[in-house]
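First, one chain by itself: the form predicted on its own, in structure tokens.
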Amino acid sequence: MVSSITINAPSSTANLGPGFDVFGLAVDAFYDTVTLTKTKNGISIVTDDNIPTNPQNNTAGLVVKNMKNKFKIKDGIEIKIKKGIPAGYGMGSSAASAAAAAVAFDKLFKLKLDNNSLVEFAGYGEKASAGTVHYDNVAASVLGGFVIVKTNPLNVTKIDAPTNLRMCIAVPKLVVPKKKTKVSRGVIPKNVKLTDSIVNLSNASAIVAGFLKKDLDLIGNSIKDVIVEPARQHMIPGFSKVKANALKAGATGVTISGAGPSVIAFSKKSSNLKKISQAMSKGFTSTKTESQVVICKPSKGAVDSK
């Protein structure tokens, strides 16, 4: 009888420009590892990382607590978390732990949940970090590839990403505020001009077509956001320079990764990825900001670590 299971869940980028709270993409830049072990009673969190160990304030803890109640599981559960994804940088750090916890719980108790249910339970964990439930990052981390989230009722569509798609993610060394996602959601405009809405809708539609057709140029050229990116870019020193540099170096599209402050450039495997990475670093250096650039590709979702 299985008493313990370990799941690795990938980092992710949300929005992809115009797909705010709708699009997500799993990327192999970083991974979180979560091990669930059956115990006699209660829920405990074990970690060497600087994260909350009260299950109520931890994304994985909230997921486990919710699933334990929902399925009337009597066993206690120890949650061991190893963070590989830097928290607060727009790469789905909280979502990955939540995704890994949901998938591990499903396997440990042989629930055989469908994809939408897994994403829904994982999304519950986002309350701990973002204050609200949203599914773009968790859906990508659970399922892998490119995901489109439809809500009311929740229905997630997964599309396999083109195998030759590559991303350069520039991670600036900045002090990130606590509850950063909540803060960055606070600057988004409450009212949007119809013309801006149409621009974003047309670009978002083209991104979906690009993933379906495996057309990297269509994907990259459509990663343009005239609503959220302009409202958030002031929070990222040197953003416009980083973006201009990456495009000049050969990236097909550049935007804020999730809620930032990381910046993501989309390109092809055949592009000079090192050149794009260096150009992005120089953009940050122009405002005396150090950065780390990770070259990555689309990832599979949360999987057993065996």
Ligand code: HSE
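From 1 onward, residues are counted along the sequence shown. Here the structure is a predicted model, which means the values were calculated and not measured.
There is also a form predicted together with ligand HSE; it is not shown, and the following applies to it.
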Problem - Among the candidates 232, 158, 166, 224, the residue which, in the model of the complex, approaches ligand HSE to within 4.5 Å (heavy atoms) - result: 232
Fill in the blank from the handout: Only hit among 80, 214, 107, 185 for heavy atom within 4.5 Å of ligand HSE in the model of the complex is 185
Practice task
Give a yes/no on whether residue 259 approaches ligand HSE to within 4.5 Å in the model of the complex, heavy atoms considered.
Solution key: yes
Exercise for the section: Using a 4.5 Å heavy atom cut-off, state whether residue 141 contacts ligand HSE in the model of the complex. Expected result: no
Completion exercise
In contact with ligand HSE in the model of the complex (heavy atoms, 4.5 Å), from 36 to 44, 251 to 259, 66 to 74, 270 to 278, is stretch 251 to 259
Exercise for the section: Give, in sequence order, every residue of 132 to 163 that has a heavy atom within 4.5 Å of ligand HSE in the model of the complex, or say none if there are no such residues. Expected result: 134, 136, 137
